[in-house]
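Presented below, as structure tokens, is a lone chain in the form predicted alone.
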Amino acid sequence: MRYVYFATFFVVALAVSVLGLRGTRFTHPPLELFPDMDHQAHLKPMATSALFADGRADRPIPPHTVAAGLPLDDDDGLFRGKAADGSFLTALPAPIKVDARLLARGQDRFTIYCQPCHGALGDGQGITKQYGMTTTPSYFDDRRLKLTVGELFSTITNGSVKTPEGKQNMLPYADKLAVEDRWAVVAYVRALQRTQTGTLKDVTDAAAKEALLKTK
């Protein structure tokens, strides 16, 4: 019989808690068992904070921050991959220095974000192909060999062009790769393409050309 009392008490308590207090105004905040980070401390502008070494609540703007909605001073095409007339760049913008450091950075970012689909060689034989993604293109087909560096940059930034059905095979990576990193990936993709399409005429270093001739 006592189980009946317990069950009745539980049902009544549940009903009162769910229905009995609806619409009632309280002077104290409710008990939150799972606050889910709903309440967080916010620092006021120009206030002090002991969290940072300089004691300031306001933090300096991170390098290369661009305010949303404001026009970019993009005369060299660094941010859009396009020249002032709207055409895609055919060479990397002036602020980007092509050297071993840039290519190493491009390889690093490529390995993380591009290789799973496009493969380590850029031939479209990434690991995703083993799981049903059969449409990943190769960087060595005629159309992609003819893409300018500006078009490559735009694809990384905005994703691939949507089909008439609205399908977009490659999504944008602008939220994952900084502007300089996107250009580094472009430079590395160009280097990958040259491994398959380059000729002896492309070698400008005399010692390297002589070494290559000896191997033939």
Ligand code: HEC
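One-based numbering along the sequence shown. All values reported here derive from a predicted model rather than from experimental measurement.
Beyond the structure shown, there is the form predicted in complex with heme C (HEC), which is absent from this document and is the topic of what follows.
Visitor: Among 37-45, 24-32, 143-151, 57-65, mark the stretch whose residues have heavy atoms within 4.5 Å of heme C (HEC) in the model of the complex.
Guide: Checking each option against the 4.5 Å cut-off leaves 143-151.
Visitor: Using a 4.5 angstroms cut-off on non-hydrogen atoms, would residue 113 count as touching heme C (HEC) in the model of the complex?
Guide: Taking the distances in the model of the complex, the answer for residue 113 is yes, it comes within 4.5 Å of heme C (HEC).
Visitor: Does any heavy atom of residue 51 come within 4.5 Å of a heavy atom of heme C (HEC) in the model of the complex?
Guide: Heavy-atom contact with heme C (HEC) at 4.5 Å: absent for residue 51.
Visitor: Using a 4.5 Å heavy atom cut-off, state whether residue 96 contacts heme C (HEC) in the model of the complex.
Guide: Residue-level check for residue 96: no, no contact with heme C (HEC).
Visitor: Is the gap between residue 103 and heme C (HEC) in the model of the complex 4.5 Å or less for some heavy atom pair?
Guide: Judged by the heavy-atom cut-off of 4.5 Å, residue 103 is well away from heme C (HEC) in the model of the complex.
Visitor: Does heme C (HEC), in the model of the complex, lie within 4.5 angstroms of each residue among 107, 121 and 125, using heavy atoms as the measure?
Guide: No residue of the spot touches heme C (HEC) in the model of the complex.
Visitor: For the stretch 126-146, return the residues whose heavy atoms include at least one within 4.5 Å of heme C (HEC) in the model of the complex, in the order they occur.
Guide: In sequence order, 133, 135, 136, 137, 139, 143, 144 come within 4.5 Å of the partner.
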